[in-house]
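First, one chain by itself: the form predicted alone, in structure tokens.
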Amino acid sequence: MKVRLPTMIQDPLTSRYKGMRLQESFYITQEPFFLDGPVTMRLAVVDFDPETGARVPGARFVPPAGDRTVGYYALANPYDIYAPDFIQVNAFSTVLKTLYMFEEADTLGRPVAWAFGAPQLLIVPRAGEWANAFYERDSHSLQFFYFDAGGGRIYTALSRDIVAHEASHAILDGIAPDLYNACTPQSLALHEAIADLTALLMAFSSHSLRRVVLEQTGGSIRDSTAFSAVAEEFGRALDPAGRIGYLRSLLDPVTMDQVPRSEPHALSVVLSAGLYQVMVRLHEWLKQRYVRETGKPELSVSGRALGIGTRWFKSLIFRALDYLPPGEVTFADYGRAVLAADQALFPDNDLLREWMRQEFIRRRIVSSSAQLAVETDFEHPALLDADLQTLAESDWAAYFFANEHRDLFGAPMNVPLRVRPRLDVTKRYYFREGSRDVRELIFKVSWDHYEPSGLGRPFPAQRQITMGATLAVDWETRRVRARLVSQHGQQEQSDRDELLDRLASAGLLLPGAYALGFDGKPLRAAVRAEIMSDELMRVRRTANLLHLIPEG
């Protein structure tokens, strides 16, 4: 069944001052059914009346009938973007479009499952009055709020940047669920950076926005706030003087030594802005290439360059998420995963990998390119005769294999291993002779690491963190396409100490039952120190504090 869905091109304010129309449509055929709400197999909108708090009916779905081959949601006034039914449908369609972007054949190449173990992610487009929005695993929901500013009402559910940003938190939680309980600041900052880059890629995916922006900038994305500024209307509403005009900027030249190492939102910009500069260089390189090939001026080839560059960039930053080792990760771990993904995707072109190394050094994420070295494309004797189908399907076979071949996973001796669910995925790769689909086995194992908690009583003296390794194996050749193992040192331990001390001092890190409400459910604004023994704790739900605007 083919269905047409409207979606905002930008937030209302940004669209108006850039002279763009407010909405565009996209068509989908992948969903097995649509219901009023909107509701599909994996998404469900739940809306509430702002005045009474009562649940309100969802937008009505009109299926194809007769000569009409396309279904749609019936809106009382399709041009009234502030009407409840439009807000419902826009939030739904933007989340769905974001989800599809992650799942494309040249990205993850597979459906994403939600980390909370239920089939549907709930979307609450008018969750209450507050200048915020967030994803919450415990309630299986994305919650978008509204607030009054400048004589009007701002709905976060009408901002494409904000909806895509929060949707990516839910998607990333399904891909790398350990990050939700991470206590390494860079792990939490990675969540924020990927969310901001997702908003960027959603902007790049809009043909209407691309055309208008490139015409206004002469074909450049180097200084375009339409792409690099995250949540412009929201940022302007919080800063009526207009000094900033956005929530975060991907043009920020900030480096690791210029931000607090324990503040994930500030830390995230180091990574997201650095990767944006890689995208800028890729776009400029593709433009020059197409100018040479066609003889046309830069402006006329800039749209093609941005379209091709976006697919390349998207494939790398999202596909790298499958290659991340489980548990606590750093920006350098993610950088190695991106380099491994690019090596597999474009083995004959090292240009983007070199730009990545340069940017990570310039941002002081690493001090040398040697710190980004990653093992790719090699044989291991244990895999030559292994039954990959059995390893994919049987937890026992997978555990036995990993335990017997700890060297392959870089796992320490004499520590219990946990084998994660394996992924049998087929992804699209590009070679000189063209593209082809490659079947991969993604095999992850993890283990516990113990270190001082850095906290006084009532917290235990030791904390447990998770570390691990990922193997990506070519199903046909049995060659290891990438091996990534957690790499942590004293700096990362100090960063964890600083973050947890800051949370404890602010009353946000609570031990055991103190992090639960009277109903036994976790407190929304608390990080739980789960007490495992008198001397050992582990941290849970740190990512629950990754609101659009941080608390505490």
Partner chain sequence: MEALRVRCYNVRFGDAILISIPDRTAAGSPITRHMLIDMGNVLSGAGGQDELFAPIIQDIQSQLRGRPLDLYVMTHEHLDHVQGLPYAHTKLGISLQARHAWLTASAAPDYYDRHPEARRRLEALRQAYAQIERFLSASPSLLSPALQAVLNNNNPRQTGDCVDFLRSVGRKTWYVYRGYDISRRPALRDAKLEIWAPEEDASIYYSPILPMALNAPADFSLALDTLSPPAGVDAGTFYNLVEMRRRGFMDNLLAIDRAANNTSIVFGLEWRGWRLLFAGDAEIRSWQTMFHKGILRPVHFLKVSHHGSFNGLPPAPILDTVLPQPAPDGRPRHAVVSTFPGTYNNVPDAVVLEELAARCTLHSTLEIPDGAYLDIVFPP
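Being a predicted model, the structure only gives us computed values, none of them experimental. Numbering follows the first chain given and starts at 1.
Below, we turn to the form predicted in complex with the partner chain, even though it does not appear here.
Heavy atoms within 4.5 Å of the partner chain in the model of the complex are found in exactly one of 452 to 460, 169 to 177, 387 to 395, 408 to 416, that being 452 to 460. In the model of the complex, at least one heavy atom of D138 sits within 4.5 Å of a heavy atom of the partner chain. Looking at V366, you'd find every heavy atom of it more than 4.5 angstroms from the partner chain in the model of the complex.
In the model of the complex, no heavy atom of T29 sits within 4.5 Å of the partner chain.
At the 4.5 Å threshold, heavy atoms of D67 stay clear of the partner chain in the model of the complex, well away from it. Residue F145 is the only one of F346, F145, F313, Y290 with a heavy atom lying within 4.5 Å of the partner chain in the model of the complex. In the model of the complex, Q120, L122, V124, A127, W130, E136 are the residues of 99 to 136 with at least one heavy atom within 4.5 Å of the partner chain, listed from first to last.
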